[in-house]
Ligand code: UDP
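Shown below, as structure tokens, is a lone chain in the form predicted alone; questions about how it binds or moves come after it.
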Amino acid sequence: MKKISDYRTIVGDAVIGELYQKAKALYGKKVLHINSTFIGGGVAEILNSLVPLMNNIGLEADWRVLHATVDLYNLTKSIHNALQGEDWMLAEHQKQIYVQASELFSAYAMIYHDLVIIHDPQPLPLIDFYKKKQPWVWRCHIDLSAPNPDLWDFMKGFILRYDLAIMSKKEYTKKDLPVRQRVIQPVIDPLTRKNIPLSDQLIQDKLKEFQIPTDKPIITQISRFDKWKDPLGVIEIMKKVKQKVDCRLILCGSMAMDDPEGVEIYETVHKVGKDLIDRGDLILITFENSLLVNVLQRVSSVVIQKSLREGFGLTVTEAMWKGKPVLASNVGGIPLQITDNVDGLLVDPQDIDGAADRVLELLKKPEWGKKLGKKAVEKVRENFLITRLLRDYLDMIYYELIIK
């Protein structure tokens, strides 16, 4: 199990000492996290690190996963899209499927904790099926800046019972939600297989294992095969870049359990990019392998995150931590991470030509990319590591259980 002390050489004594002091008032407090999947996506990755660290520092932290059907995952994916602005109407029978999943889960998921944290829309209705004896917190990881109005009104019916809502960005907080709201930005864990330093030999062995050639510059996007990540737009950028610089594009995205649209998006990407695939200039990777992601980010000349909507975008943080020049869309939580022309590049998500031009600049001026990458490492160290998230959660829990 990870220990707080493991991060001392990364963040320094002052940060570690502060965490120990903040935890004193919370020794033995029972905290429960509930989300929709134990693997795939940023929420599961965060909880895999956060929960053990909470336990190590003196809390009693638990993590449970909502037992869900394919019907629910199909439905909540549509809910996710609509909360990010897509036009969609939730039918009455769909409301029943959505709520019933939480009702069934509540029949055997005993909650005896001092504080409950529900992550994202999937388990949101759980609060209606318990006799509330403790603070409940809803942690929303998606972009709520312009949700579908009808769906948002339906979701608010559940959120109103919560004591606190946590968003990833100030702009996601809602004036029409009469519940206290707090901003906590997501982070990465520098000690996971996805982010640890790698030897040159290990990198070469992994590239050989997955048959990834390095005879030309590599451009990579690490993201689910999701329309909001715009893989088709990335291919368009690639085609324009290749007219001037010979390079290779890698699209790597796991098929998360709660994302049934992934297969359909992948098939479309494969069809559109078939000519590049046949020439060996587009490689599609569709399974979960944290070490491979680490390798790909380290060997890439440029890392792209061409999102159309983005709650935060931890793949941006990951690449920045590895000192890579990142070109990303100026949407959602991404500009919280990147200062344009300082520690990365920001582009309009609709500007294919502009994005291609910036990629070409990075390929032709590698020293400039190294300067951006060096600044990026320090930005992440100061703002976006798991120790900072633990501090924010300790502050939140202290307020909910001690001060309030």
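All figures in this text were calculated on a predicted structure; none of them were measured in a lab. Numbers for residues come from their place in the sequence shown, where the first is 1.
What comes next is about the form predicted in complex with the named molecule, which does not appear here.
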Problem set entry | Contact stretch among 97-105, 218-226, 126-134, 235-243 - heavy atom within 4.5 Å of the named molecule in the predicted complex | 218-226
Exercise. Is there any non-hydrogen atom of Ser254 lying within 4.5 Å of the named molecule in the predicted complex?
Worked result: yes
For this session: Indicate whether His119 is a 4.5 Å heavy atom neighbour of the named molecule in the predicted complex.
Result: no
Exercise. Is Met155 one of the residues lying within 4.5 Å of the named molecule in the predicted complex, judged by heavy atom distances?
Worked result: no
For this session: Answer yes if any heavy atom of Pro325 is within 4.5 Å of a heavy atom of the named molecule in the predicted complex; otherwise answer no.
Result: no
Seminar exercise, completed: As a check of understanding, the residue in Gly58, Gly42, Pro52, Pro335 with any heavy atom within 4.5 Å of the named molecule in the predicted complex should be identified as Gly42
Seminar exercise, completed: Applying a 4.5 angstroms cut-off on non-hydrogen atoms, the residues of 301-319 near the named molecule in the predicted complex are Glu310, Gly313, Leu314, Thr315, Glu318
